[in-house]
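Heads up, the chain below is alone and in the form predicted alone; it's given as structure tokens.
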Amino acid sequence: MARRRVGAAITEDRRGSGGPAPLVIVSNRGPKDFVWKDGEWIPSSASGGLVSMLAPLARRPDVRWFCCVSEPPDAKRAAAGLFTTEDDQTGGPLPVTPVLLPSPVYHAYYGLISNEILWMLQHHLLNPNVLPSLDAERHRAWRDGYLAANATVADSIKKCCPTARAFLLQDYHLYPLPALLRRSFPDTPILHFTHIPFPEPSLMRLLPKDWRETILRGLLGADVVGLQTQGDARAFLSCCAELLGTPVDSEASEVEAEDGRRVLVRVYPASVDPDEVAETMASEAVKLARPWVHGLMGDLSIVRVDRADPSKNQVIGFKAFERLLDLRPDLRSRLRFSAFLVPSRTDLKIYRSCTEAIYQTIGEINSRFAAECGRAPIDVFYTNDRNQALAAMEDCDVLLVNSLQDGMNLVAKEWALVSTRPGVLVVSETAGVAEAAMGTGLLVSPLDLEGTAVAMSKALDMPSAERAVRLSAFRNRVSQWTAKDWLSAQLADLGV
């Protein structure tokens, strides 16, 4: 394979500053999230996840961060759907350059393709009621939304940054972008990181041939393709070999692009920032949340913290809790389940249906067991309040993470840092974090309702000494590979 040292080209910014060309971050999501307050969605500085991992880099003066936003006024009329606008994302502590997309383009790119097709496919949500057919509307959305949005992002970057030191591109919204940027920046190092599970060839074949080839060739425009797990890396290599017929070196984890470049395929497990988590736990907001949250949790407690999303598998998790109450009548008066459900993509019908199914399941369980438990056994907090969630994770006996698929699941890693009870992690084998939790958490199949109930029972009965040993081992693993390591490893592989 032809070789070029990644990061060899360090260019100068020609905008007149005379300083080094910027290192450029590009993501769909900006540094602000939304919280529900006084009956409306309010943009607020995001914490945790992608933003917390990129924030240390984004604060540097030599870094520029581009994110996608929807142009008003259509987006403002759709505020209930959490469309993000330029006003939402600017003016915070992390400076960003918003890329304005017409609201129909944003809806097609973000809603109809990124979330309703790619997200569902890559999380193995293949039910026809969840993964829609690719009709004429979806093909238009692919062409006039997803591809158009990526082209607009590439053009905006070229206009704003005539030169760049390197590009760090984020996630499934921007699969075509590496190849588009390669045309204008042929010698600039590019890394694309996918935060969600990467599909095997059998799943990728569910997409039209031109779609999947655009995705793969787009990613091969990068110098480094970053993924969450070794399984994701194997899936990507297999897709390149089987669907593109490109030369693949599995042992070296490399692919030869059509232009002869050597593309590195590397694993960077996403993680958390222990210092940021510790600072948050010492904050006044968490101190205020503790008495109220802990007062609801009972003598024994199970907690889950995740977005209201079909991939998170909440209904089976709650039904496993119901089965636990059937198996263990002795727990009914002592055990509470606190569910922190973060509203997500509320403009999409499948997400609204998911939330309705969750609430219906919770209502049925609470009605059935309220008398025997002395109150409704499940409490739901439908809001994006990280402080409350952290306070609950700190004091719970069990953290349940039973996702169908997860790129990583940073909630489990945050829990490992804050748990004081100590608690026990019950986690799906299909979550990316399962590898780090091996031998410390109790691993379950996400479809195994009975097995999940039994695992929660085992966790609740586990002696405190064993809990402490398991938690300490997991905490050490999280502390040894942090968000800083995640970022530093990528920059090192780019040579910047």
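One-based numbering along the sequence shown. None of these values were measured; they are calculated from a predicted model.
Below, we turn to the form predicted together with 6-O-phosphono-beta-D-fructofuranose, even though it does not appear here.
Stretch 195-203 is the contacting one of 195-203, 241-249, 329-337, 209-217, since its residues have non-hydrogen atoms within 4.5 Å of 6-O-phosphono-beta-D-fructofuranose in the predicted bound form.
Residue contact check for Trp142: none of its heavy atoms lie within 4.5 Å of 6-O-phosphono-beta-D-fructofuranose in the predicted bound form.
Heavy atoms of Asp171 reach within 4.5 Å of 6-O-phosphono-beta-D-fructofuranose in the predicted bound form, making it an interface residue.
Residue contact with 6-O-phosphono-beta-D-fructofuranose in the predicted bound form: Ala58 places no heavy atom within 4.5 Å of it. Among heavy atoms of Tyr110, some come within 4.5 Å of 6-O-phosphono-beta-D-fructofuranose in the predicted bound form. This chain is displayed alone, yet in the predicted bound form one of Phe369, Tyr268, Trp119, Phe381 has a heavy atom within 4.5 Å of 6-O-phosphono-beta-D-fructofuranose; that residue is Trp119. Proximity to 6-O-phosphono-beta-D-fructofuranose in the predicted bound form, taken as a non-hydrogen atom within 4.5 angstroms, holds for one residue of Leu460, Val69, Leu449, Leu50, which is Leu50.
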